[in-house]
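Single chain ahead, by itself, as structure tokens, in the form predicted on its own.
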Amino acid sequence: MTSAAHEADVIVVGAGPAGSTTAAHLAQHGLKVTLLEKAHFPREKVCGDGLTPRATRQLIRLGIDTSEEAGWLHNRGLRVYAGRKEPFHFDWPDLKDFPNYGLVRPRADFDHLLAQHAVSLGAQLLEGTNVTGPILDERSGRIVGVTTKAGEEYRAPLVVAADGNSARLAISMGINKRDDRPMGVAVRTYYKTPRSKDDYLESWLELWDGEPGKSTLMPGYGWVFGMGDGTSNIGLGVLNTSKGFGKTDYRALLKRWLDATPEEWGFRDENRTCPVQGAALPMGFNRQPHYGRGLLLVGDAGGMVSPFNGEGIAYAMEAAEYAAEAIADAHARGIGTSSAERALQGYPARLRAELGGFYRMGNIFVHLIGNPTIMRLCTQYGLPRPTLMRLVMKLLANLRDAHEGDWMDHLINALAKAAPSA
């Protein structure tokens, strides 16, 4: 039996950045939205905790205060280790379309803040609500609600799957992942360190298990993000285009890399504050279609992690805004009409237009860097050339002006438009 309290205009499954941002935008459009989260806040998620200016822009668009006074740690760019002992520094570009600073905030706090923001705008948040499957209309096969582990039913004419890499709702609707798209695995933990306060996000494009250039070059890339509280978030990612993917002990790999870093940095077992945890990174639109039969996929559920740099939050939040706009348009046209259905089909069309070419380039990129020889050539001969690396960093972080940018922006825009959609 479904009570009126269990009915809404839209149900959003999962209150991570994808789900909470979708719910917030839907509430701003005046729709009745129910946000279902299986855990209770605050809760942990495996993540680097670092946000580029692309994610910062989405927070600003939501109306969230990103000042340091509001608890955010700001950063000014990337510090890159590769090709030599001393790192390279790249400031975030000054652009019309994006702010020139990134952010750091623990995911446990970040996700809770986004969920509460959605609630403040009018969304209903239900924690500890574990969705187990869809409710389908027998005649049309459309999703009309969801069931929970507790045996409750929640009904709405449209459902957003933002349930992360598990994608249980999409799978239960027959939407399976594509094996021709890249996947990654990331592990991370926290260390007490004197390097906790840092103006730069740190990226290691080469992972050595000893002295750089004189030991074994290991698969993957690493990061060190200072948290500003006496600790740093440290982790590494490995792509399935690497020979080591699936055969590597990632925790041992992390330890071997960090044991080769200077002792005074503190990246040793005695300073580790929590266990090493891992997660999959679904990349390059590896689950499609992003809309069908009343179900929209947003974030990791739709494989929206960037193949270029493993960034997922920014793209999840962008897709959330696109999804909410398509849903609001469909409601205005009248759910159930052919016009409303065309509005909903506008969501995957917009994803393809905005990100499809960029992700296609990313899919090619990960196959290239999966070859250690190519990766070594890129770092040895590419990094010492500042102009080339500014272009590469703009490409990796997808930070470019859509209109009236410099020659680098025009080049990346042209490449993205020329590439077939992912």
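A quick note: this is a predicted structure, and the numbers were derived from the prediction, not measured. All residue numbers are counted from 1 along the displayed sequence.
What follows is about the form predicted in complex with a small molecule, which we do not show.
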Contact with the small molecule in the model of the complex, heavy atom within 4.5 Å, among S166, T248, S215, S172 goes to S166
Though the small molecule is not shown, can you say which of S203, N240, T231, T129 has a heavy atom within 4.5 Å of it in the model of the complex?
T129
Residue contact check: R43 to the small molecule in the model of the complex, 4.5 Å heavy atom
yes
Within a 4.5 Å heavy atom cut-off, is P157 in contact with the small molecule in the model of the complex?
no
Is L253 close enough to the small molecule in the model of the complex to count, meaning some heavy atom within 4.5 Å?
no
Is C47 close enough to the small molecule in the model of the complex to count, meaning some heavy atom within 4.5 Å?
yes
What I'd like checked is whether A23, A27 and E325 together line the small molecule in the model of the complex, meaning each has a non-hydrogen atom within 4.5 Å of it.
no
The chain here is shown without the small molecule. Which stretch in 292 to 300, 135 to 143, 68 to 76, 267 to 275 comes within 4.5 angstroms of it in the model of the complex, by heavy atom distance?
292 to 300
